[in-house]
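In the form predicted on its own, a lone chain appears below as structure tokens.
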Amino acid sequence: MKAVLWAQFCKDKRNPLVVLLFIAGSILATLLFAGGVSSPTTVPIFSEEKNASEIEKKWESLLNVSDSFRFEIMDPKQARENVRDGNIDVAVKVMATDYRLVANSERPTVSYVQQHVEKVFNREAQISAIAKTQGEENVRSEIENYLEDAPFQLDTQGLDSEHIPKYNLSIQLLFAFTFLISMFIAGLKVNNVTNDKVSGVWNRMILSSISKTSMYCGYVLYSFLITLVQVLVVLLLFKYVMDYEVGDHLWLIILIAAFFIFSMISIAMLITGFVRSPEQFYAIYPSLIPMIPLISGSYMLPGTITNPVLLFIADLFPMVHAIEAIMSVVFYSAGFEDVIMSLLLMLLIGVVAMGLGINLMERRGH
């Protein structure tokens, strides 16, 4: 096993560019699609009324009460062009007592912005109606003072603590893209089995004193270690350099990632059992892998996918179990006993897929 492990390491030592590019790719994908360091989404606002400047300043101060959005005044023509070109998802056209959204797609950001803007406009409409009815100009300050010391107070509390966790999709995307790249690395390394069989290296190793069990263990262990290194580099970088909130149980996250990597190596081994050449593997595996995070809902908020067929298919892959376990650890401070079921499911998937894959390769070899 040590000889196989060392031989695979020497291959990457002579040409480490591929692994380094994969690691850089997982970091760049997270920065691009998860927004880098967590920051409010910028939403342009503009007005085309006669007193546009006054209206824009009024609504800019009223709308900027959320930590999720930052509303900035922008020229109407530029705002529309940015939306049309896809540079921004949505812009808000404000009027004296109404608004319109300018968007070219139905992305989640659009609905979030609409909910926030509608809430602010409804509140202003109620305050204006009260002011007209009572004929008082300082009704806004009276309402705000009243709400600060209202007769009924509502306190919110989490199930396990007073702190209620705020779900951050950027953290989920961090793990989704990290695991996506790790699946490609794992498949690339497992495919070395097929490469060595085609080149004749496998037959030469069989004639030596190395057992087949040691040979398979060498390939699997090296694939596991190199993929785990990629995950560790990305997680440590985002936690300690980019200050991402990934929780205090990093050891448990790494343990979950290790189970996920083993499961995906097993699935790659299963696919290897069906193909006869490295080229066939490269044709099938890269086409299958990008669909796994989509079916698993790793790019979306929990509960977005409700189709029972898709949910059943997602459960057959370890991605959904890994993301669910890690999000429980990050946002809800789950312990080992809380995620043990997810770990066992990933282990079961890995054992079954590994057994079937090796069995298929051995039968084809005979």
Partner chain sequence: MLEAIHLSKNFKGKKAVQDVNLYLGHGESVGLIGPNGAGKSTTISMISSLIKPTSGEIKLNGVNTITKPGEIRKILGVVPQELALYQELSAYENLHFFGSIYKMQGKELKDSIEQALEIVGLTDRQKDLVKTFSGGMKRRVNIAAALLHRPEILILDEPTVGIDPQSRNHILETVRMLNEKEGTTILYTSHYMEEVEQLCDRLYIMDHGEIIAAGTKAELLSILSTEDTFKLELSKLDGNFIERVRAIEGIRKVEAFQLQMKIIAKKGSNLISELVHLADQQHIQIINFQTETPSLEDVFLHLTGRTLRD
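Numbering follows the first chain given and starts at 1. Keep in mind the model is a prediction, meaning the values are calculated, not measured.
Although not depicted, the form predicted together with its partner chain is the subject of the following passage.
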According to a 4.5 angstroms non-hydrogen atom cut-off, is L348 in contact with its partner chain in the predicted bound form? no
Taking 4.5 angstroms as the cut-off for heavy atoms, does A129 touch its partner chain in the predicted bound form? no
Using 4.5 Å between non-hydrogen atoms, is D89 touching its partner chain in the predicted bound form? no
Hey, in the predicted bound form, is L225 touching its partner chain, heavy atoms inside 4.5 Å? no
Using a 4.5 Å heavy atom cut-off, which of 198-206, 93-101, 225-233, 238-246 contacts its partner chain in the predicted bound form? 198-206
Identify, from the list A24, V352, C10, V18, the residue with a heavy atom within 4.5 Å of its partner chain in the predicted bound form. C10
Here the chain is shown alone; which of F262, F71, Y219, F179 has a heavy atom within 4.5 Å of its partner chain in the predicted bound form? Y219
